[in-house]
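Take a look at this one chain, the form predicted alone, written out in structure tokens.
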């Protein structure tokens, strides 16, 4: 290597760090320094993992379940996941299930297994921050379709048709959405999936927030729409958001046997298996489904109350308008009236009022900010006062 050349690879030089994790880290650093920060940046539940899940993990650990497992996951867990999906209209075997170290890794391995250099991947915006970076790491080309709050942050079949080229390989769907909380109806998803299938595209359906849905709405899985859909859709999810297991790193993938095998092969050469005893904690979700549902219902009750509190509070602030999310645990208010970039808005909000939010530019949507209501009611109330004070000064 010459003295003037960089030691970094093309991938390392072109990758962007996660802005959501960066905001959370900065907020935690300020808190550690004694500052009273209202943190709305983290995309994780503020509840503990349900006790029965932790107990199952501890039991497995005490019983010596500390060795390598099959790369795609222990058979009992894969079988339970397959049965869960079959109960929702899928028709899959455990051989079509891969358990990975985190939903993020499930997404990344899906992209690595299906996208070749030069392939285009369509990503509706606003999007989760990692999708474009994952595509670029695979040598693919991200192509974006913009959606605004005026359309509920949802793309149309017509927009998708216009974005497809001969190079398009994959469409990424995320419903409910991070960062907007938008939820596609079954009719809306069917229309979009129909366009994608007719064009011969694969679809990655990221359903990590599948159980966090409000206002009496229901989610659906595109893979259940038809036989063709079951062959073209890769469904990724996990345990992190539903059961407050973000640190456990437990993602799931369901696909055709060909794609699932390819994903497992990639995983075998990168991370190997998910932590052995953690898998037994996840298995407890299916073995004690009544306890799992009770824990989820309790968490949803708190999330829904916080959602409405934050939603009403934001819309009461002059200059802010906020779409009413129907899923996940985020709101994505419009701050365009203040004439600041979302980066400047968030930087000044943190500096002036000690409120941590993530700029919309991180999600491909300038003019918005993301606030997570996976935080205490007191934090929401205090944060709303501070945001209102900050905005009132901007309006003067």
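Worth saying up front: this structure is predicted, and the values here are computed from it rather than measured. Numbering follows the first chain given and starts at 1.
The form predicted in complex with a small molecule exists for this protein as well; it is not shown, and the discussion that follows is about that form.
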Of 128, 225, 280, 323, the one that lies within 4.5 Å of the small molecule in the predicted complex (heavy atoms): 128
Partner-contacting position among 388, 15, 376, 21 - heavy atom within 4.5 Å of the small molecule in the predicted complex: 21
Residue stretch of 347-355, 57-65, 36-44, 333-341 approaching the small molecule in the predicted complex, non-hydrogen atom distance within 4.5 Å: 36-44
Complete contact of 154, 180 and 368 with the small molecule in the predicted complex (any heavy atom, 4.5 Å): no
Residue 241, heavy atom within 4.5 angstroms of the small molecule in the predicted complex: yes
Contact test in the predicted complex: residue 78 vs the small molecule, heavy atoms, 4.5 Å: no
Interface membership of residue 209, the small molecule in the predicted complex, 4.5 Å heavy atom rule: yes
The small molecule contact at residue 169 in the predicted complex, heavy atom, 4.5 Å: no
